[in-house]
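The chain below stands alone and is given in structure tokens; this is the form predicted on its own.
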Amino acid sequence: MKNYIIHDPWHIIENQFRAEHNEFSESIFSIGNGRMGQRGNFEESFSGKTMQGSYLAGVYYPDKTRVGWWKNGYPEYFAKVLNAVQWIGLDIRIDGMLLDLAQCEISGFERRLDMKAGVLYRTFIAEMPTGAVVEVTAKRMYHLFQSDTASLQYTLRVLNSDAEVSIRSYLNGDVVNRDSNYDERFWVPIAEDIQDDLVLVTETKKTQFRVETHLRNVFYVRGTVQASGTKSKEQCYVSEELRAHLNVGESIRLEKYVAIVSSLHHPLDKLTEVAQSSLAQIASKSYTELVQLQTDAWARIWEESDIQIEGDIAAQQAIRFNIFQLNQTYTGEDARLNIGPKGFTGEKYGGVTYWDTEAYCLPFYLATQAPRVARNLLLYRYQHLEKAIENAGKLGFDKGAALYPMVTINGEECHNEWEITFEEIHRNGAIAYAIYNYIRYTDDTAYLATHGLEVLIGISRFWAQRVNWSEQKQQYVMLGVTGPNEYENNVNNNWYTNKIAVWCLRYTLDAITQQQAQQEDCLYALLSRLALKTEECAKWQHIIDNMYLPEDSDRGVFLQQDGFLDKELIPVVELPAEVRPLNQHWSWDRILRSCYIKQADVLQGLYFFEHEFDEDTIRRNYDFYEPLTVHESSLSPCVHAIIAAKLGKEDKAYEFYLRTARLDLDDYNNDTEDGLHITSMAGTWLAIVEGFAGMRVRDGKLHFQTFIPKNWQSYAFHVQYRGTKLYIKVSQDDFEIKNLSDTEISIIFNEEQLLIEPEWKS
């Protein structure tokens, strides 16, 4: 673990230059606006440990798969959101020597992310090898108010002697991905222009996404605007340089305004026009005005999604950091975009979409954003239904069976680890559950008729073909799968997978029955088009009635899979600290043979389907599996926090909340340098709202069952539900509820039915 981020309710602060941990800090100080984003790289040159990263949502390359042993069904490529044009770059020379923090004596260093305003700040004093001392102050924003633009302000002042200073500001399109399978460069140069603004046009290989970047530099020397610097260009690179003689105490300032537009969002023949217009709009404003616009835009977001905690600054900082990263990763503007596990903070997982979105992220957006945002997440999958049917076909399934990819950008499976690509099929269930979750929360039953039911039928057809009848058991079984716990591969009858398959089949049949009552004509047309017959539905019902779900009757627990009790059940607390995380110390063989669980598996099912089980059943399974869980998936602690809260295990609920909330800030799993765990950040929100506040939707009504950690004075949040916006505040001895909408709402709060009038307060 690392523990040097200063605790502060609204800021992420690093107050000392730590070159050895710079990549960790680059992840922590990443910023974005839903359309694009960047790691917290330095503007000036840096020869130390760094991973340059600037990303555009949806702009990807199909990097050719590299495996040692090819298996039938393997995807031919792994899709990757690309490291894009480096626009922040500055070459700064003091008396001819390059400013490089790896080669200087650094003091007064601070990196500070203002989450309230969405601005990244950095200050430092550097003593050059020549003895010259300079002070730098930098600000950077990815504009939330105009998402195809960004800007930075960089001020350098000489402190101890006169100096000749040069600043070269550039756009560099000759960038690489560290995770390129064959060290390939994914961009080709199209055009460079330096007539007015600096312009760089590049295009991705194969996918042919065209990206046009326009940059305007404004230089100030001693506070006075200067004429343009000296411009130059070469292939995939354009720059502008200004030189100035500075006396002691004098400064030079550069403001960079950039517009980055792509063919994903605009026709090719309109890119220049759009970029010029966007750049002109932001460049016409002072930097102070831009900061204010950014602050105002973030204020609107915080009004909807902030969680306030009194009495625990570490917890407060952590939840805001998680909410901040979620909102700058995905804004719901475009149904073609989704949420990558690393967002705009690193290359791991390629920026692609996993089941994390449906299982963890959707509830956050349902409760904090307009319904269209969550609906767009569902539409992303609906638009890929034909690809899901193709994916299933590649594995031998037919007749409209749909297997959604484990990893994708365009709907096509692009993951090449066999235990995930072929076996981790529970992702299908998460997509079906998201439809159910969205409809029960929003009451948008029309979505079922227009989009949802078709997806459910495709998924159900997959499950019906994936199971087989066991003569020995006289039940249906599911062989050769990997459940959510990836520390066990190729198992038989993973309880969670079998359970969610049965649930999907049942929910699909229920949805058909519902549509018969409400949209009979539309339903008949859909079933005719999909050739769904009564006999097929009867087969689904037979599977529902006869699915094998492994269980240990002596312990009263569901078995994670067949043979789990053959393992040596040694609790995690007996593991030496020096072997954790296991995935960084043990062989994969040893992990697979152990009893240790990477993330919630059986408990994931108990979280989803809590209403089907009594509290004693949930408690027995929690008490059995939690001591065996190492939580080496970022998605694990939040589920355990929610279940612990339900069971009245308040200390454990708080422990797991803090672990999921500060997972990246404190680098619990020693992997934050690869990028932040964006999708698990939604789980942090869940840990408070569904865990501590106990929010559930039952029979069309919001329920809350609250508790508050002992060291907190209060916590408060907003939720939107079917057109009503509520403010909930829970204190040690009291609570407060406000209805911030125009209509009344009835809720169940701590087992009491309350009618909440607009602006009602307890």
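Here the structure is a predicted model, which means the values were calculated and not measured. For every residue, the number given is its place in the sequence shown, counted from 1.
Same protein, other form: the form predicted together with beta-D-glucopyranose (BGC), not shown, and the subject of what follows.
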*Take beta-D-glucopyranose (BGC) as it is posed in the predicted complex, superpose the C-alphas around its site onto the chain shown here, and state whether the site is open or blocked, counting it as blocked when 3 or more ligand atoms lie within 2.4 Å of a backbone or C-beta atom.*
open
*Thr207, Gln369, Asn410, Ser633: which sits within 4.5 Å of beta-D-glucopyranose (BGC) in the predicted complex by any heavy atom?*
Ser633
*Have a look at Glu240, Glu212, Glu488, Asp356 for me and say which one sits with a heavy atom within 4.5 Å of beta-D-glucopyranose (BGC) in the predicted complex.*
Asp356
_in the predicted complex, does Tyr349 come within 4.5 Å of beta-D-glucopyranose (BGC), counting heavy atoms only?_
yes
*Taking heavy atoms and a 4.5 Å cut-off, does Pro341 contact beta-D-glucopyranose (BGC) in the predicted complex?*
yes
*Are any of the heavy atoms in Lys649 no more than 4.5 Å from a heavy atom of beta-D-glucopyranose (BGC) in the predicted complex?*
no
*Is Lys598 close enough to touch beta-D-glucopyranose (BGC) in the predicted complex, meaning at least one heavy atom pair within 4.5 Å?*
yes
*Can you check 146-154, 341-349, 461-469, 72-80 and let me know which stretch has heavy atoms within 4.5 Å of beta-D-glucopyranose (BGC) in the predicted complex?*
341-349
_Do any residues of 663-679 have a non-hydrogen atom within 4.5 angstroms of beta-D-glucopyranose (BGC) in the predicted complex? If so, which ones, in sequence order?_
Thr679
